[in-house]
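Just the one chain here, the form predicted on its own, laid out as structure tokens.
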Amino acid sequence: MKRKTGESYCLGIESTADDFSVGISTFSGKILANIIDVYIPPKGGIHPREAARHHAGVASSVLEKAFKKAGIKPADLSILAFSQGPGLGPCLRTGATVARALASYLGIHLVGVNHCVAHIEIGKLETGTEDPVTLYVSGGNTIVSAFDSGRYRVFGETLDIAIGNCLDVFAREAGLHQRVGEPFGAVVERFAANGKKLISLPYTVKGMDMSFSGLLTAAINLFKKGEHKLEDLCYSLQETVFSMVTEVTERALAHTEKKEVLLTGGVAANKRLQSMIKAIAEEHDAEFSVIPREFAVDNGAMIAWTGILAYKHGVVTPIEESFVKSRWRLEEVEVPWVK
């Protein structure tokens, strides 16, 4: 593939957690490359420093693969975007270091991108939605949001752990076996498909916010007692956590009266969750959209595209201000590209 005359490109670097990814997008929104290398811990959850070492070790090869896939050279880039936060500090710093070095070497502008905003924007790009209520569910985040007065406002969120983390921890504690490359959430979904009995578990919605830690503890304790089939526990856990986020999403939809609902983030791939959110969208005469699987997980393409949107509206990040923001909240970000 040859570069078209006058075409502009952005390279995006994503490194908030266990994924190190490089995406390349044209300024018109065509994704040319989206290479992801995942850190898989030998046991347990993510260890930030070990994940950061993984990211540093694979950065060069992931960059090389992305340029090859896109069919362009580093000198063809117009800008460079990176995930500035929120996320795990060591992982964010590794990505930021790579971004600074490459942008400085090439002499191009750097754009720091909010990871949560990027999940929304890539969802809008890939589905064609314009002004949705968004349910963003992943291993690290559970947020119900919608745009209002220059920013994406948080209408509801988790008070403790994220929904993806809840499912992952239960799967590990239950010793659920993964197939090659299969996320733990997908393992729970697979077992839940064969569950028939709905077991009572704590359902905690406080106002518009949700809590999953008590439910997780209860599910693990029931598993250890051995009184229920594992399939029934997976089914019950999944039904309960999804009912909680569906309730909050429906309330936000009723309040905002928006006509679109977007499901994004890694857990968006779950078919049962999709069916539940689609049902409440239809009840409110809203169009339901779900992010394509390849863009559901953390990825560089979403960072590249959001960087382009920001840059087109005058947002750049000077090198001296490119420090990472591990607790950078969604509603703190001004989004001048949305009207």
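Numbers for residues come from their place in the sequence shown, where the first is 1. On a predicted model such as this, the values are computed, not experimentally measured, just so you know.
There is another form of this protein, the form predicted together with a small molecule, and it is not shown here; the text below is about that form.
Taking the partner from the other structure, the small molecule in the predicted complex has no heavy atom within 4.5 Å of any heavy atom of residue 195. Residue 223 falls outside the set of residues with a heavy atom inside 4.5 Å of the small molecule in the predicted complex. Within 4.5 Å of any heavy atom of the small molecule in the predicted complex lies no heavy atom of residue 91. The shortest heavy atom separation between residue 184 and the small molecule in the predicted complex is within 4.5 Å. Shown here without its partner, the chain carries 164, 267 and 270, all of which come within 4.5 Å of the small molecule in the predicted complex through at least one heavy atom. A single residue from the set 232, 189, 209, 126 has any heavy atom within 4.5 angstroms of the small molecule in the predicted complex; that residue is 189. In terms of contact with the small molecule in the predicted complex, the residue from 157, 247, 260, 168 that brings a heavy atom within 4.5 Å is 168. Checking 79-87, 251-259, 100-108, 136-144 against the small molecule in the predicted complex, the stretch whose residues place heavy atoms within 4.5 Å of it is 136-144.
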